[in-house]
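Given as structure tokens, the chain that follows is alone and in the form predicted on its own.
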Amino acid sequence: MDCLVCHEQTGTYRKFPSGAGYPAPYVEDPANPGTQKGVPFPGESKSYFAPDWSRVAQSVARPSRMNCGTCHFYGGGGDAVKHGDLDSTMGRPPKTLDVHMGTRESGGQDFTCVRCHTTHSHHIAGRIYETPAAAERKSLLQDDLGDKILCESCHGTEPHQSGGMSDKINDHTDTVSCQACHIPEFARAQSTKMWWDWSKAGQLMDGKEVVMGPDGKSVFDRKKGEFRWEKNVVPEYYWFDGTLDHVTVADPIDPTAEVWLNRPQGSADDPNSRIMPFKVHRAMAPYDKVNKVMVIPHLFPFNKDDDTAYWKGYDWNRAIEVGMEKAGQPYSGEYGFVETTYVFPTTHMVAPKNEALPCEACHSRQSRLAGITEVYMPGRDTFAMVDAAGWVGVTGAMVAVIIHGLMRFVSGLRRKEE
């Protein structure tokens, strides 16, 4: 990335698809000297224009929400594709969508991204992948911000007012992330991509190269395959210490089982782990059937004559061969498709407090935390001996009440006879 991606505020600075990160070049229009001519790109109907550099140079400022959103709202190839909690609606969301980023008019705090993701010498706080996020639970209430930014950084470890039920809720902060309760669903404004079947790429659906769904998003694209989009999605929950274990192109996989391309790390025994909500994206992706590794296909053409790219020749074998060669990895020449899983921690779209999850969302037989089996959870779990003892106590109490009532009734009759 160059500096202007984050700091240019005119909105005219755009990357040129084949420019290796650079904007479109300035090309003068021969028919109108002194004006520029749009540069077309193969396969796209629009033309690209060079930025107005004088205007750009005079508009450098702190990153705006849209500076960040230009990449993070549209990651993965389109709006809301990659992250379930980040999409274009977060540019100016209402408070009901996110209490922190919600506009002032809607009652929100109107935070920009850099309000929480602060920087020191361009080192951005908030990354939660490389080292445990909770190893240093620093607070802005007492300390300078470290590399990690957590809910506790502003709200402390006892975020709820003391007294009554709030004390019990505060007891949860050593095992449950704030996000688990305060982000009841993600993709609440628009749907996010939850399933991507690459094995359907290269084909046609009902004779069409692109098929649009009811919400205006493609459910099939010849270049990429078949998709499923979902809205108001309930997250999946895992213990998370802030690190993700990733599968690389050199790591062997088991194609008979679902391949977790990344997996949350953490456990109930780790004091730095918390129960965290995740978007879990699943897909059918290509792999090497002989070497049993995931592969890197060559998708985007190097130039207009490059027919080894999958999006040009629609030949998986050639695309994988070229891609793996560029990556310096061996390829057997035989490929297949395997189901994969990829997780995204959910930290945005914090709902208003009156929409936080009720206790029974987890403490019931229909618990959201059915997959968290390492701990005993009242209301969800049972122990036969404890349950039996409890029912014995309840039955005994009821018998005692009945006997006591009968005795009072009989004694009352006797007094009346006297």
Partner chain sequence: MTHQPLVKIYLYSKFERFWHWVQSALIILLLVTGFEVHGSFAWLGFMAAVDLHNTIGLTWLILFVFIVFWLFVTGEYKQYIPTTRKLLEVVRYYASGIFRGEPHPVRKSRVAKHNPMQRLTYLGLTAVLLPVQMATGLLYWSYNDWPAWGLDGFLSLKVLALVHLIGGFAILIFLIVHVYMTTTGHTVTAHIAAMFSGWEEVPEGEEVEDWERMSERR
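What you are looking at is a predicted structure, and each value in this text was computed from that prediction instead of being measured. Positions refer to the first chain, counted from 1. The term rigid core refers to the maximal set of C-alpha atoms that superpose within 1.5 Å between the two forms.
Another form, the form predicted in complex with the partner chain, is not on view; read the next lines as being about it.
Contact label in the model of the complex: residue 269 to the partner chain, heavy atom within 4.5 Å: Residue 269: no contact with the partner chain in the model of the complex.
The partner chain contact in the model of the complex: residue 382, any heavy atom under 4.5 Å: Flag for residue 382 set to yes.
Contact flag, residue 365 vs the partner chain in the model of the complex, heavy atom cut 4.5 Å: Taking the distances in the model of the complex, the answer for residue 365 is yes, it comes within 4.5 Å of the partner chain.
Partner proximity in the model of the complex: residue 169 to the partner chain, non-hydrogen atom cutoff 4.5 Å: So residue 169 counts as contacting the partner chain.
Segment assignment from 88-96, 170-178, 207-215, 306-314: heavy atom within 4.5 Å of the partner chain in the model of the complex: So the stretch in question is 170-178.
Within 4.5 Å of the partner chain in the model of the complex: residues from 283-318 (heavy atom criterion): Sequence-ordered list is empty.
Core-aligned CA displacement of residue 391 at least 2 Å between this form and the one not shown: Where the cores coincide, residue 391 still shows a C-alpha shift between this form and the one not shown that is 2 Å or more.
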